[in-house]
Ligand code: ADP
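Just one chain follows, in the form predicted alone, and it is written as structure tokens.
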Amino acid sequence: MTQTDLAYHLKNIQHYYENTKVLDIDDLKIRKGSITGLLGPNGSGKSTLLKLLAFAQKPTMGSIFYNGRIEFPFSPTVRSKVTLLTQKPYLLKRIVFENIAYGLKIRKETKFLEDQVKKALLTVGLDYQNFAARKWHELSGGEAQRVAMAARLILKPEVLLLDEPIASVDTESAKLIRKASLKARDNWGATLVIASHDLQWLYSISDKQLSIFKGNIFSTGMENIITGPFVKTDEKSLVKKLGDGQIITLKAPTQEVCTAVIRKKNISIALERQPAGGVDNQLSGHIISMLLEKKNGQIMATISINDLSLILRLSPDQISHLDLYPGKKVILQFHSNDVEWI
């Protein structure tokens, strides 16, 4: 991947709110025209990363390259080329038409303005005659979010950043926002970065998934996070006790940390336990979901083990060979030495 292929290249990024580090990214590349899914719990750093990508904030440390050049907040080079849609829509205290036309007026691109506003409204499923003259406070939550989306799409941005865009809207609005976001990539090659808890949507559309936890990026997508409390058994090992009496054995960390990571690639799945002396973690659980990753044909399976959920990536051949399906009881296996600590 060359620099000309990249929309973004983040290097040595650290970002703090007062004395708390909220992002720590050594190297992150996002290809032009790609769709990147951002996964992670609330407070993990997703919204902060999107604000940095939108050049709405400057990182405490590090550099953000956009189209091969270092850029800074509110740079005229990126103005209107990069746009962010947040979970809560922020509309001007004006009618719908003026909200959607505002960006083009700032650019002084007012030719065929009414036609462009009509088209933008149509893209998000709103009728021009019924909505153009409505005031901002006369819209439902879903309608307001769709108007906010239209105000961004009319600019035909190079990058569209979406922060939980469908979390607080009705089902119909969510469907239309999903559809409109994909049109931005299909119609003019926009780069999309989407943070959402709708995993089925993200896995079905994204070229790549990034998982964020405590500001750390996992470029392999969602990984398995195991939090304390842990019980020390000796100088080299800790255990995590689960509610059903099972335990997870973990290699002790070399420093004071409280969160373990077990990567998907280090977990295997079976229908029966191995004899003693094999892997030191063999956990009994059942499959609760299976999501298809459209881009590679793999299946992301979530397994519930009492009060813990673990995920792993499975091939169609594994699914067929083991006859796996939601609800089936399985054994997950991994070595304590494969744990990472953050």
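In this text, residue numbers run from 1 along the sequence as written. Since this is a predicted model, take the numbers as computed values, not measurements.
Keep in mind that the form predicted together with adenosine-5'-diphosphate (ADP) is missing from the display, and what follows is about it.
- Only one of 273 to 281, 39 to 47, 292 to 300, 59 to 67 lies within 4.5 Å of adenosine-5'-diphosphate (ADP) in the model of the complex by heavy atoms, and it is 39 to 47.
- Although the partner is absent from this view, residue 22 contacts adenosine-5'-diphosphate (ADP) in the model of the complex, with a non-hydrogen atom inside 4.5 angstroms.
- Proximity of residue 325 to adenosine-5'-diphosphate (ADP) in the model of the complex falls outside the 4.5 Å heavy atom cutoff.
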